[in-house]
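What follows is one chain in structure tokens, specifically the form predicted alone.
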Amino acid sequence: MKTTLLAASFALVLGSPRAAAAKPLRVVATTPELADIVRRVGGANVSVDGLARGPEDIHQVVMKPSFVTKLNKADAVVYLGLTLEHSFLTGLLDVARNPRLRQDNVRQCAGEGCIDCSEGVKVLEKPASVSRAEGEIHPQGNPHYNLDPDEGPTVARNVAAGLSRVDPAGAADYDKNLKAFLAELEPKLAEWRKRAAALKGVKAVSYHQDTPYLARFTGLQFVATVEPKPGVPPTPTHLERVVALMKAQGVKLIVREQHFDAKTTAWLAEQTGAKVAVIGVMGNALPKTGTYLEFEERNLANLLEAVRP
């Protein structure tokens, strides 16, 4: 009888999801908020390492030798895509030589372990043509969709689908964790949409051309950028034009992405009487924004604070 019970228990353990897995999946995420979503969806089945630090410019991430080691040993890499990480991820993958994560100049990553979170995203600003004269242009469209909280469920579903593809035995776990995460996210989205109504129609200037998705969610109307072209530093002549435009259109909000020059936006504010709202373009760019929910909450709160009478 004891032998029968032992055998039955052993068979039950073997039949449970991921029972045969000796170690968790090794997953690398390019940004802090993606790392958080991977932890939420992956649960105990994953071990997550990050690459970019929140305060960095995502276009100028400082590459470290440890990144190569992480990617070489990884079972999967989770990234925003649309060539946003092109300045560092493709080169790292080429050196890492992981057959599961092959370097690809078009998609950034090719292979069974590549989890592109942009799949299914409603992409904005797809250029008709690509020219270096236009600055940092992304051929597949503007890649900063993580600034639109409404794309959060798409990102989470892409993570769950990717982990399930890499680890079919854990699919039930990933689906369960996904549902739990969405059950927490959906009420927050409803709350954020309601609060964002106070921003609808407010004219603003941003430092970089990375706010179209933020505008889509909040209803903000961005009329100019501090940079004359994406990635091109502002000249005195351009700044004078921005000041003239802000005064002519009554613009009273300047959105400064955390890693950009505070002195320039402070000068613009002084010249125009506008207020500056500081946002992050990645998790951990601002204090206590390491999770996806904290990241989106802080950005919205800072915008609302800046337009408060």
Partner chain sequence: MRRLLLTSLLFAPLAARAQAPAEDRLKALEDRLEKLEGAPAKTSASAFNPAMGMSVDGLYRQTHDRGTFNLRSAEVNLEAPVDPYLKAWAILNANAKEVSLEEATLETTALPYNLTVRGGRLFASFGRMGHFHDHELPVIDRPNSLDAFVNGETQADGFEVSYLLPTDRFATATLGMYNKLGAENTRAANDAARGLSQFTYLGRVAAAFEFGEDHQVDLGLSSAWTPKRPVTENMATTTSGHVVGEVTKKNTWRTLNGLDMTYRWQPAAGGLYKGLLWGTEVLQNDERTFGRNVGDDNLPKDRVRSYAGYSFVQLKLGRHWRPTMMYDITQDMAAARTNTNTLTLALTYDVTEFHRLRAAFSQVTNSLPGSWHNDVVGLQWTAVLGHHVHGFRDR
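Keep in mind that this is a model prediction, so the values were computed, not measured. Residue numbers count along the first chain shown, from 1.
A second form of this protein, the form predicted in complex with its partner chain, is not displayed here; the remarks below concern that form.
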| message | Give me the residue from K275, R53, R241, K247 that has a heavy atom within 4.5 Å of its partner chain in the predicted bound form. | response | R53
| remark: Only hit among A169, A180, L124, V232 for heavy atom within 4.5 Å of its partner chain in the predicted bound form is V232
| Which of 53-61, 249-257, 30-38, 265-273 lines the interface with its partner chain in the predicted bound form (heavy atom within 4.5 Å) | 53-61
| message | Although the partner isn't part of this model, could you tell me whether N72 comes within 4.5 Å of its partner chain in the predicted bound form, counting any heavy atom of the residue? | response | yes
| said: Is it the case that L92, even though its partner is missing from this view, gets within 4.5 Å of its partner chain in the predicted bound form, heavy atoms only? | reply: yes
| Is there a heavy atom of Y79 lying 4.5 Å or less from a heavy atom of its partner chain in the predicted bound form? | no
| Any of the heavy atoms of T225 lying within 4.5 Å of its partner chain in the predicted bound form? | no
| Within 73-88, which residues come within 4.5 Å of its partner chain in the predicted bound form, counting heavy atoms only? | K73, H86, S87
